[in-house]
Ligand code: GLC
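For reference, the chain that follows is the form predicted alone, supplied as structure tokens.
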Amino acid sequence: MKTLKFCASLLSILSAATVAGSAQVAGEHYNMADQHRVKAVQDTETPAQRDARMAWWREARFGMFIHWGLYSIPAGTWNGKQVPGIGEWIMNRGTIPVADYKALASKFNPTGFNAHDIVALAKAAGMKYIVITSKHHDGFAMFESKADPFNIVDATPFHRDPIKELAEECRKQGVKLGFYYSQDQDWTAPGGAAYKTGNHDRPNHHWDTAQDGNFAEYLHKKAIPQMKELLSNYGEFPVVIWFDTPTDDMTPELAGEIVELLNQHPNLIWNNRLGGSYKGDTETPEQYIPAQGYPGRDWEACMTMNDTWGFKSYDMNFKSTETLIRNLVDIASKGGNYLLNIGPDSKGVVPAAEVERLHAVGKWLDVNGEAIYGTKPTLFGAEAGSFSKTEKDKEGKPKFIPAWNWRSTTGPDKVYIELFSWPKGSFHLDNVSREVTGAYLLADQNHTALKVTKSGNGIDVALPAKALDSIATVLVLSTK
């Protein structure tokens, strides 16, 4: 994960959900070619076909990201020194030689890994799908690979395929499974790309001659064969391929070879980070929530619970349960999905702080999930905040100032108002585009009717003295 060079200006302004120390891409909207030699499914399907292919994903709204690999062994520290930045980038940020980094594999024995428990954790949190790093930029495959021996089955004392075990558990527990795959950057395979960090100022940004080689050869010998394995060896999974950090090496022609493979799996969903100017299915804002979402595009905000994706032993800057729930609500209100990360340690154990928060989010969703799953964006919009008339962002554009009083999501015959700040006496809406026939609080098991007073196109809903949930109480407006 790493912030990419901007290919075009941001479509949206960072909101208060921005987190310092961002990784992969900040959700930039890339310039996409209108024509490719190899057309992707997105270029040939009808709107109805696309709606059918994306239906489960749009319903889900909430997923688990898992960043796990060899980088969990140093856990942010190399040769006794803490290495700045995100945990999974330690090889690059610490300028670690290839041989030294690959030697970590002999020490990787995550006997605490339990696929059942991780899938059960996702379910308990209310997450509908999981995306795990099958290979990150360090080049280490977290699955059995005949294409390259630098993998968890062949190179470690663990000798198990956690991807296979997760697939089996996801199948049993009714959770969908997707794979993150670093198709472009690979710091241990000859020819793999690398981003510039620090004094890595050679044209290819390599810091070890063992990394040198031909990118197309790397793609043909390792990346594409491994993607074939991932797409063929796990039954109905993956349902998602999550690409990352494309460089200029990934030309439209080379990306087209990957697209030819993806096209053999027509129900697959994949993001906008393949490269070669392919647009993919989803925008991927990272570590922030766009001010107004991406109208007309499917999108997924990927975010960490602390400041790192891969495990760092000393990163204790965990977001509160309140922040996580309100982020989920904010994202859903703008039509997006929330892909929230966990970073297991070198034993495969999920940090207790992450487990605790996910269970708390799940308890809120047990009561209020109706207001999140399968909903559409707000009918209103101004509740999210407004653009400042005086303050500018880093690009010199008006800065978005979020408001955190309430959000709204929409169902076929209901409007959900997620109240963060409890109004005194009643909740007022100036303009409602639907006829409101009743109101109640979702957390009230009896759905006791609340008095609705209409005034022109607006309404007032009488509320009890106290909120039923201090983080977010959902007011339901029945409509027709």
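Since the structure is predicted, the reported quantities are computational estimates derived from the model, not experimental observations. In case it trips you up, residue 1 is the first one in the sequence shown, and so on.
One more form of this protein should be noted, the form predicted together with alpha-D-glucopyranose (GLC), which is absent from this view; the next part is about it.
Note that among 238-246, 152-160, 381-389, 106-114, the stretch whose heavy atoms approach alpha-D-glucopyranose (GLC) to within 4.5 Å in the predicted complex is 238-246.
Shown alone here, Ile342 lies farther than 4.5 Å from alpha-D-glucopyranose (GLC) in the predicted complex, counting heavy atoms only. The closest heavy atom approach of Asp330 to alpha-D-glucopyranose (GLC) in the predicted complex falls outside 4.5 Å. Although the partner is absent from this view, Tyr180 contacts alpha-D-glucopyranose (GLC) in the predicted complex, with a non-hydrogen atom inside 4.5 angstroms.
Taking the partner from the other structure, alpha-D-glucopyranose (GLC) in the predicted complex has no heavy atom within 4.5 Å of any heavy atom of Tyr278. For the residues Leu219, Ala193, Met127, Cys302, the 4.5 Å heavy atom test against alpha-D-glucopyranose (GLC) in the predicted complex is passed only by Cys302.
With the partner removed from view, the residue among Glu283, Asp138, Glu286, Asp184 that has a non-hydrogen atom within 4.5 Å of alpha-D-glucopyranose (GLC) in the predicted complex turns out to be Glu286.
Proximity to alpha-D-glucopyranose (GLC) in the predicted complex holds for none of Trp68, Met142 and Phe311, with the criterion being a heavy atom within 4.5 Å. Residues Ile86, Glu88, Trp89 are the ones in 73-108 with at least one heavy atom within 4.5 Å of alpha-D-glucopyranose (GLC) in the predicted complex, listed in sequence order.
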